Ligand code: BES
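What follows is one chain in structure tokens, specifically the form predicted on its own.
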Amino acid sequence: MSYVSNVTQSNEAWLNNEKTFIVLGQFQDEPVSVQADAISAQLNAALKLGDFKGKTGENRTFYLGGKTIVVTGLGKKDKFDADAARKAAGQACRIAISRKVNNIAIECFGGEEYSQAIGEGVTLGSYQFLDYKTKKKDTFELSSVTVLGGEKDDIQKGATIGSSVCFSRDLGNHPGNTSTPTHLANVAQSIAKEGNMSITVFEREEFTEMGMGGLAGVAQGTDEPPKFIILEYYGAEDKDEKPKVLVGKGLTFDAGGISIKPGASMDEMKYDMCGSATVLGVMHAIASLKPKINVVMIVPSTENLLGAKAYKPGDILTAYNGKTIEVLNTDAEGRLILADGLSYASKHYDPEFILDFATLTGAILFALGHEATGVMGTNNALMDQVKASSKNTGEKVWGFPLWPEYCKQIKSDIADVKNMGAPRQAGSIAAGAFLKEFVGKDIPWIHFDIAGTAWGGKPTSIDPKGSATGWGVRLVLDLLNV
């Protein structure tokens, strides 16, 4: 894991700060800021000549008294928000890394109200996945960042949240021979220890005997030990307060099973566990921040491979809630293991609500590309909260309906349900309709299909190229009021 972990705050003027590499902000079409007063003549000249306009992503370098001052564009002031502040902080770190500068100071862009966003942006922008690089010449890491101005506690909270997103990214970026179900269980164990949480891990024989036919069926084709992982955090003053339950798909590698995937880009199927990475990232943040809430995390985890014992198209599986499932395609396996996770949560926890996260369908890419996560569920009030947190964090969501007409598409002629909907129609909605069958009737529930947002999108100053994104960690923490 590589991201800046030494983030401090200072109220010193930038000229007095010990750092020799300073990043300041300039709004587009606005007078030179007070922070930049000592270089105002140079900056004014650049603005007047049109060499620098202050547009988002622009930057210019100036020199004064042995210091390098980079002025980065913040765009239009009336459009500046927390997401813009977050991305500006990330851009500052990217500039430093590109110039091989170890230690920098940055302005709290936009003022103290954006302190948390700045803390998040610093860690997210400095993230690199370097675990498998062996040559030092190929790597450079940022050591420390001082934020000039802002609120110290909010900056630190933002840095903590950012580090949990980076934690989630690392889980997704590791290859399938490292990030196994056993590895996820060990990671959960470490989180439990740090956060004073309870952990339970059911092994193959145990969850099979318990009746988790979805997870057991998918796991038949692999010798890698599957796991059913549960983390319980009870931080509320009332320990009987209904817990919020998070369920994450932990498919650590997906070859498609008997319905094998094409060989091209199959390496990307290491990312099929990014749902579990999201919920583990949330629990990682909770372990550090220790909010006064009750949260339960559930991760069913396995590989989906071909083997002599692999489950087959046409098989009938029985999920934990007793419903039978006709398997029409073994590559629609994520919904099968989530069926057991959702059923278990519904039966054992009387949840306030359930949120599930999964790289579930390629169809969501056709609908939304890499720009937004598809969401659907059973409770309008909870959906409104999700959309509000989406706006707060800049992690976009778009709602899909679960109308009865769609739900009928997953009814089977020979079992209760089938794991595919109508051919070439509403594939993401059909998957959501399937999952709905395994959620308790009166439990508010939202499904997040993150197949388009968990990796593969266009890189930004806070989302590196060729990396898992850790999508959803910040949204969930905002929703939980952590």
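Just so it is clear, the model here is predicted, and its values are computed rather than measured. The numbering used is simple: start at 1 and walk along the sequence shown.
Heads up, the form predicted together with the ligand isn't pictured, but that's what we're talking about next.
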(request) Name the stretch, out of 159 to 167, 73 to 81, 187 to 195, 265 to 273, where some heavy atom lies within 4.5 Å of the ligand in the predicted complex. (result) 265 to 273
(request) Classify Gln116 as contacting or not contacting the ligand in the predicted complex by the rule of any non-hydrogen atom within 4.5 angstroms, answering yes or no. (result) no
(message) How about Thr180 - does it come within 4.5 Å of the ligand in the predicted complex, if we only consider non-hydrogen atoms?
(response) no
(message) Even though the partner isn't displayed, in the predicted complex is Ala332 close enough to the ligand, meaning a heavy atom within 4.5 Å?
(response) yes
(message) At 4.5 Å between heavy atoms, is Met420 in contact with the ligand in the predicted complex?
(response) yes
(message) Does the ligand, in the predicted complex, lie within 4.5 angstroms of each residue among Leu24, Phe27 and Gly111, using heavy atoms as the measure?
(response) no
(message) Only one of Ile429, Leu43, Leu435, Ala451 gets a heavy atom within 4.5 Å of the ligand in the predicted complex. Which one?
(response) Ala451
(request) Name the residue from Leu365, Ile293, Val375, Cys407 that puts a heavy atom within 4.5 Å of the ligand in the predicted complex. (result) Leu365
(request) Any residue of 225 to 257 with a heavy atom within 4.5 Å of the ligand in the predicted complex counts; write them all down in order. (result) Lys249, Asp254
